[in-house]
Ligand code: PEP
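So this first bit is one chain, no partners, the form predicted alone, shown in structure tokens.
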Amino acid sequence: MRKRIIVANWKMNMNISTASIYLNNLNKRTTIHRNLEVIIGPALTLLYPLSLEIDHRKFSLAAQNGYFKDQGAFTGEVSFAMLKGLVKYAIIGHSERRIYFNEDHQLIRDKVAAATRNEIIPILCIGENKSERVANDTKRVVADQLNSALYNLTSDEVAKMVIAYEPVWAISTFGGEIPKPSDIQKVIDYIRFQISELYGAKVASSTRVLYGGSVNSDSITAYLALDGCDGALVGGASLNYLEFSKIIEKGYLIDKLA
């Protein structure tokens, strides 16, 4: 049985002081759930101090980025080799990285491979923008992003990773349209179909697939109720510990009912 996960992507927010206060408040409002994993993705500068403070029975840490070379003369970069042992997960291919930093298929493929060889589980973000959706191009975009990112991986490695379907048109930063659950269901099914075609049905049934796109405590239940949806990637709503604790609790309740 796949373990449900809720991921907080803090993006470029908080400093050491505010992050510590947040974590303390969230910890008070979060209980240990055997079948639910909560992942915190803070800025790079916060990873080490939070790793000393975090209750690892309740939370795991994720990096928001990493460089695909393990070492070398790359001023300002931090490699996945440097993050090994500090984080369990890494968010790779997020729409903001693709849009603002021009990360292409090849770079994302190399980052996924680098995270994997350094024993960090990739949370691979894929999804179409509004114009691609209007052109009924969702399946092609999703397939291209998925297939290229998984190119260098074995079936065992794919089975352990996380895929986050993140339609750009549903993210508040880029318009924030509210998607129909039926639209999300179709893409989740298609992602599993693509993995099955590449690696077989067993791998497709093991890989965790999340939804991300302006998720909040009001919408989370509908998304988690979708067949094959294993959790959520939460952006802005994860910056408020009260709101995020509600999302965690609803994730736990859905899991209890399943």
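Everything numeric here is computed off the predicted structure, so don't read it as measured data. Don't overthink the numbering: it's just position in the shown sequence, from 1.
What comes next is about the form predicted in complex with this ligand, which does not appear here.
Asks: At the 4.5 Å heavy atom threshold, is L233 in contact with this ligand in the model of the complex?
Replies: Heavy-atom contact with this ligand at 4.5 Å: present for L233.
Asks: Wondering, does V215 line up within 4.5 Å of this ligand in the model of the complex on heavy atoms?
Replies: Contact check for V215: yes, within 4.5 Å of this ligand in the model of the complex.
Asks: Considering only heavy atoms, tell me if V158 and this ligand come within 4.5 Å of each other in the model of the complex.
Replies: Close contact is absent here: in the model of the complex, V158 is far from this ligand, nothing within 4.5 Å, heavy atoms only.
Asks: Answer yes if any heavy atom of E128 is within 4.5 Å of a heavy atom of this ligand in the model of the complex; otherwise answer no.
Replies: Taking the distances in the model of the complex, the answer for E128 is no, it never comes within 4.5 Å of this ligand.
Asks: The chain here is shown without this ligand. Which stretch in 132-140, 89-97, 109-117, 148-156 comes within 4.5 angstroms of it in the model of the complex, by heavy atom distance?
Replies: That would be 89-97.
Asks: Within 4.5 Å, heavy atoms only, which of V162, I171, I188, L83 is in contact with this ligand in the model of the complex?
Replies: The option sitting close enough to the partner is I171.
Asks: Using a 4.5 Å heavy atom cutoff, which residues in 1-30 contact this ligand in the model of the complex? It's fine if the answer is none.
Replies: Counting only heavy atoms within 4.5 Å of this ligand in the model of the complex, the contacting residues of 1-30 are N9, K11.
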